[in-house]
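The chain below stands alone and is given as structure tokens, in the form predicted alone.
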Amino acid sequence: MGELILKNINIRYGGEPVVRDFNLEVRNGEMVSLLGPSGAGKTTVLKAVAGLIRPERGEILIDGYSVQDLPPEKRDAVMVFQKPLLFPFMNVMQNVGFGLRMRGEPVREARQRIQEILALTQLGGLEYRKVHELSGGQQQRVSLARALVLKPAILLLDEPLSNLDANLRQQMRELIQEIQAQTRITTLFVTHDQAEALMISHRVSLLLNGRLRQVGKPRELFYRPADPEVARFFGARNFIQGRVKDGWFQSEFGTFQVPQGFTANGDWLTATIRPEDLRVSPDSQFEIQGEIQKINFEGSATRIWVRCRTTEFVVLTSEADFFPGQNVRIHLPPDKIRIFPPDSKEFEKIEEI
């Protein structure tokens, strides 16, 4: 078990800031995903925790002790990389037990621990296979087992599933979940895949352009994003603007009650509604009229672009009987509207992710 705290971490590469004012706590026994697009600084944070790079400023604590001046092997944090990085001349058992041998663990105790970890990672029966005889998923499990056998306080996973196909990736997600639930090892999991982060984590931390933008439970980030940029990362595409008056958000597409604390009359705010929460019908009494511009069939759902006045809404629906050019009506359920606080970024300043 372990606790990881990062305080005001700042990291530069070649004079350019990569990670700025980064603060995060990973609690004892918790799995937290560090989510963000490529180049956001996710792996940089992981390497700083592992001791592979040194922050320009800030402090890293493991179990309450600063590890700033400790080499990687003294930090009680083990990193699993995107590629397995196994020793090709060793078999599975030798790869998994390598760290124990380096520590000088007694042979009998080491062998017992290796067998336990092989069973936990579903590698039983493969002890004497060479690396080239393993599938990609098996190689990644060996890499994970090699980290777990050391019983580190902190487990660092750097996009370990990104090189696997869709089916194997899903199986590995479930396996990692099961292992973490059984071992209760404190884990920081880096990924660019939002579905992966939402599925696998107790909490998700979103990193955009080197800054931590929001931390919370998966449902909080998905349904209550802190600002429009966070909402866009999680698939929001429908934004409307309006002015606050007497506790109501007034827009050309309806009037919606604002949350408590939004008190300033006359403020321009931005609101959003997720594509799957919009309702669309060709013959209903819904209040907003529009015309379908484009349709994408996505298997279990159909994505529809509807032009309403000067705004284009994106709708995700299970209905498939629509066609471009069709006149439809849409409805914005008030309970599905997310109105952003006055201090969130203005809509015009948001860039596409």
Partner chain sequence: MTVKSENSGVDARTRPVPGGWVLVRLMGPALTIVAVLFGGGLTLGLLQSLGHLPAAGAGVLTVKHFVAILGDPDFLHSLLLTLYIAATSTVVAAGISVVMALILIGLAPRNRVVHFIFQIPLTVPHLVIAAAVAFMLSPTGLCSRVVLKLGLISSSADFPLLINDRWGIGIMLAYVWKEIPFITLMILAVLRHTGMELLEVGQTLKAGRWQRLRYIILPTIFPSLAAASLIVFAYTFGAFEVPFLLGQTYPMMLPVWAYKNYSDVDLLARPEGIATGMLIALVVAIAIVLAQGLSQAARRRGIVL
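Positions refer to the first chain, counted from 1. Treat the numbers as computed from the prediction; the structure is a model and nothing was measured.
Only in words, not in the display: the form predicted together with the partner chain, which the text now covers.
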Looking in the model of the complex, is the partner chain within 4.5 Å of a heavy atom from each of M79, M90 and R146? yes
With the partner removed from view, which of 217-225, 69-77, 238-246, 197-205 is the stretch that lies within 4.5 Å of the partner chain in the model of the complex, judged by heavy atom distances? 69-77
Quick check on this chain: which one of L86, V280, L134, L212 has a heavy atom within 4.5 Å of the partner chain in the model of the complex? L86
Heavy atom within 4.5 Å of the partner chain in the model of the complex - the one residue of I295, L61, L52, A301 that qualifies: L52
Answer for R103 alone: is it within 4.5 Å of the partner chain in the model of the complex, judged on heavy atom distances? yes
Answer with yes or no whether G254 is in contact with the partner chain in the model of the complex, where contact means some heavy atom within 4.5 Å. no
Partner proximity in the model of the complex: G99 to the partner chain, non-hydrogen atom cutoff 4.5 Å: yes
Please determine whether L150 contacts the partner chain in the model of the complex, using a 4.5 Å cut-off between heavy atoms. yes
